[in-house]
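Just the one chain here, laid out as structure tokens, in the form predicted on its own.
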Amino acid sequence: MTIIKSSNLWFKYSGSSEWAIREVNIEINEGEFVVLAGRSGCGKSTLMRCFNGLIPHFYEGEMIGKVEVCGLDTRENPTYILSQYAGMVFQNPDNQLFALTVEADIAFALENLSIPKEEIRERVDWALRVMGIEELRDKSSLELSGGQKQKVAIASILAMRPQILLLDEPTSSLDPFSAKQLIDTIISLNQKYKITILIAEHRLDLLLPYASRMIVIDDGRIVLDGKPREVLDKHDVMPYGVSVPRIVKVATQLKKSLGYSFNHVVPLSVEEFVEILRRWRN
């Protein structure tokens, strides 16, 4: 079932003469794990703002076309309604955390929606448990590491029980270990709870083995869209500012030097690569 749909979508910010998004026609299905890739400033963040209603309700500018999220037209529905269907997590979690405790941060949006206290307590408990941060309940965000803050920010969105989670480069300020932990949690949200994931991220080596789809954006336009293996096998993504995972580079070099086709399967992880080589030798 289609959960996000954009039709001939264009947008440019107020005061700018350049279109940030150009002629975007896209359909995202329920349960998909979609990676948005492209150089900084290509339009990834703008596109996600269109998908949760921040555009056109919060960011001023000119919007052409139509966006539907869970069947709701984003022009006709306010952000507090849309946020219950598509929640967004930003690069800097400090922009989303401001309460005295983690528990209060997660409960904040629910209280604003006048949800009954018992249900708020239940949702907060669930979000803390899902993100594996129950021990942080009574801590202040000032006491947390970057990775912990980002998990709390995600928990505050999950408590709204959205069908879609939009993540705008959530690991950009994290060290490699914390980034791997966070991405593993995001993957689990998709696999275990069937939450539709759209993530803009540069650490593609951690994401692509689990992604159902890879969309490459350049100058506001979608230039490539397909399964990660197909996109990386059939296209050169480097000109679009996309960093090819190292294991794909190794496999490509081996393919060129030895002429082996890998049975047209591009390995997206070290484990896959080792298994392909094992079958090849046998």
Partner chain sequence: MIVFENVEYVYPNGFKALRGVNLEIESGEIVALMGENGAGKTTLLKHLNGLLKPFSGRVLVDGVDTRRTTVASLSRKVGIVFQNAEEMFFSPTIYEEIAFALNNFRYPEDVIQKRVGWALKFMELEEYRDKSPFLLSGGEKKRLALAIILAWSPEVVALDEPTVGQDILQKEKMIQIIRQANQQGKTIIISSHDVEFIADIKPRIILMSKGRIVKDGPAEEVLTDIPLLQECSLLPPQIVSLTSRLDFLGIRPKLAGPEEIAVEIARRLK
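By rigid core we mean the largest C-alpha set that fits within 1.5 Å across both forms. All values reported here derive from a predicted model rather than from experimental measurement. Numbering follows the first chain given and starts at 1.
Below, we turn to the form predicted in complex with the partner chain, even though it does not appear here.
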Q.
Given the stretches 172-180, 75-83, 104-112, 121-129, which is the single one in contact with the partner chain in the model of the complex, using a heavy atom cutoff of 4.5 Å?
A. 172-180
Q. If you check N190, Q148, Q96, Q163 against the partner chain in the model of the complex, which one has a heavy atom within 4.5 Å?
A. Q148
(Q) Whether N29 contacts the partner chain in the model of the complex should be assessed with a 4.5 Å heavy atom distance threshold; does it? (A) no
Q. Using heavy atoms and a 4.5 Å limit, would one call V265 a contact residue for the partner chain in the model of the complex?
A. no
(Q) With the partner left out here, check for me: in the model of the complex, does some heavy atom of R213 sit within 4.5 Å of the partner chain? (A) no
**Q.** the partner chain contact at E134 in the model of the complex, heavy atom, 4.5 Å
**A.** no
Q. Comparing between the shown form and the other one on the rigid core: C-alpha of I183 shifted by 2 Å or more?
A. yes
Q. If you line up the core, does T74 shift 2 angstroms or more at its C-alpha between the shown form and the other one?
A. no
Q: Verify the C-alpha shift of P162 between the shown form and the other one: is it 2 Å or more after superposing the core?
A: no
